[in-house]
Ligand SMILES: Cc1ncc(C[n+]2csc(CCOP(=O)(O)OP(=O)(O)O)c2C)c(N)n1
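Form predicted on its own, single chain, as structure tokens, below.
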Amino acid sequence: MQQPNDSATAAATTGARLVVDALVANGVERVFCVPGESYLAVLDALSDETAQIETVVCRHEAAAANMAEAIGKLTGKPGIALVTRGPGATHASIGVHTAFQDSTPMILLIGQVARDQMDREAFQEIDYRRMFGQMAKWVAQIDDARRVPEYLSHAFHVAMSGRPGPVVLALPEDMLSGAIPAAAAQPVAPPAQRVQASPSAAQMARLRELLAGAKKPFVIAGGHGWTAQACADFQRFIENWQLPVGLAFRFQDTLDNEHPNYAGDVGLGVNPALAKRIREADVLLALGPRLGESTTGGYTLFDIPKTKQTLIHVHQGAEELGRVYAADLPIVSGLAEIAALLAALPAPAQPAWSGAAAEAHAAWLDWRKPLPMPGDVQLGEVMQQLRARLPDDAIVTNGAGNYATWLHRHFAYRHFRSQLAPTSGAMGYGVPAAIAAKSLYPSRTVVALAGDGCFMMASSELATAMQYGLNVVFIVVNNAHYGTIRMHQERHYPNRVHGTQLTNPDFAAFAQSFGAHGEVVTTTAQFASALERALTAGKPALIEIRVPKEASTPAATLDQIREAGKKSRGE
């Protein structure tokens, strides 16, 4: 069979060719995949575009989807993952779920069974509209190759508009490979443009009136959709207005954490002093976050549906405003659009809350001081050593687990888009996210922090890092159990440990088996030199940090959690 670009078939094209043309038109520079026979035609078309699109082959579809989601976080444009039908799609669903909860633009392309085999439960057949219906912004199947440009254009627009999120497109195998007259296909659409609303003049006037009349205002910023310019505009606004600022769960890179107006992160394990300040605020400006479970302390920071605070809630998606909290002033706006207006918003000459930002920042500096933990490794000090050594623009990734609480509490993010972590609480995210980040920014330092359980969910991607020469530093905190679940277990079922123990490999030796640099740290004093060797190894590197099970969180040991659990049960 002749290829579509042969002279004999110059007037013909394929669905696969049109898919790749649409990716090129939208400036896609890399796709992440695990190859499958259901979309071989797309792989073949990609082979003609290696100068424009890099195909990164992963070892598991969950990792491929997480890498695409990480690209969406870092660029604001959809990351692209390609997977095969059935098992490939189900594996990739974790990345789609993360993209949905994190409001990240992403497109998942799934090879599908041939059209004449559908609705027979053919080999690996799934109805993806039903499977992903509540997990994506839009799910569709392209049955007519002539309409590929239309579907792909719509996919990019949907992924980026309003509240960003994932789109899933199923691509029947025969639709991809079958030749059609080129003249019959729709023309390739121009690149998708970001579409966002802007606040009205009346809304900005009301916002200023509410803020200026406050005695104890507070700002919570975060969410997806920020740009470097928007962050600069936001910083100018909070400086002009002398406002204390908390950053939403896992959006700590929205403002330099060393900034004198920074009050800390508003997420899991929030500083009690910060939570008190937020509860006592009379005007709350929520700029970007959904105000979901993690950012509201399990929906306990604010009354539902009407908050005690006068609430100004700004979000990109109209459907999010009033979903849980009925704002006094709801504003649908892109963050770049409103930040530019806030930067120019006249501030009162002598605000009633003068000095509040400095007090809040001082409380954060006190909260950030490491507390002693069991064992010879003090993770709080390790996080501060990490901050001191890394350049400001280093990207630090993590998945889910108690180990990340030390990162959130003791590490200071200094640069926009330097934090990559899932608000969805998904394990196995940090490793593939770091690999994706390094592929996008090869000159930037990238560090992945993972627990032993979190790392093992994506450990095979060490091979991907080696294959593409992506010199990520992986830091694995090994406590030989699922620490977060064990914590909850001891809290609710004290002394009844079951199902949370782990048997682990020698992680340093594991890394070395791939050809990566690997070593073990068992004391705080060993970490700085180990980090230096990892950063200068000239290849992917792994540092295993061994800590005791008893070291559960920065604030409590397992024994303390167990005793509190007994007390709550009346034991």
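Residues carry their position along the shown sequence, with the first being 1. Computed from a predicted model, the values in this text were never measured in an experiment.
Another form exists, predicted together with the ligand; not displayed. Remarks below refer to it.
If you check in the predicted complex, is R85 within 4.5 Å of the ligand, heavy atoms only?
It does not: once the ligand is placed as it appears in the predicted complex, R85 has no heavy atom within 4.5 Å of it.
Do G225 and the ligand come within 4.5 Å of each other in the predicted complex, heavy atoms counted?
No - in the predicted complex, heavy atoms of G225 and the ligand never come within 4.5 Å of each other.
Would you classify F411 as touching the ligand in the predicted complex, given a 4.5 Å non-hydrogen atom cut-off?
So F411 does not count as contacting the ligand.
Contact with the ligand in the predicted complex for I485, defined as at least one heavy atom pair within 4.5 Å: yes or no?
Yes - in the predicted complex, heavy atoms of I485 and the ligand come within 4.5 Å of each other.
Can you pick the one in A400, A360, A170, M383 that has a heavy atom within 4.5 Å of the ligand in the predicted complex?
Spelling it out, the residue with a heavy atom inside the cut-off is A400.
Using a 4.5 Å heavy atom cut-off, which residue among G264, G453, G334, P217 comes into contact with the ligand in the predicted complex?
Checked against the cut-off, the match is G453.
Within 4.5 Å, heavy atoms only, one stretch in 264 to 272, 189 to 197, 402 to 410, 312 to 320 touches the ligand in the predicted complex. Which?
Residues of 402 to 410 come within 4.5 Å of the partner.
Is every one of I94, G425 and H481 in contact with the ligand in the predicted complex, taking contact as a heavy atom within 4.5 Å?
Each of the three qualifies.
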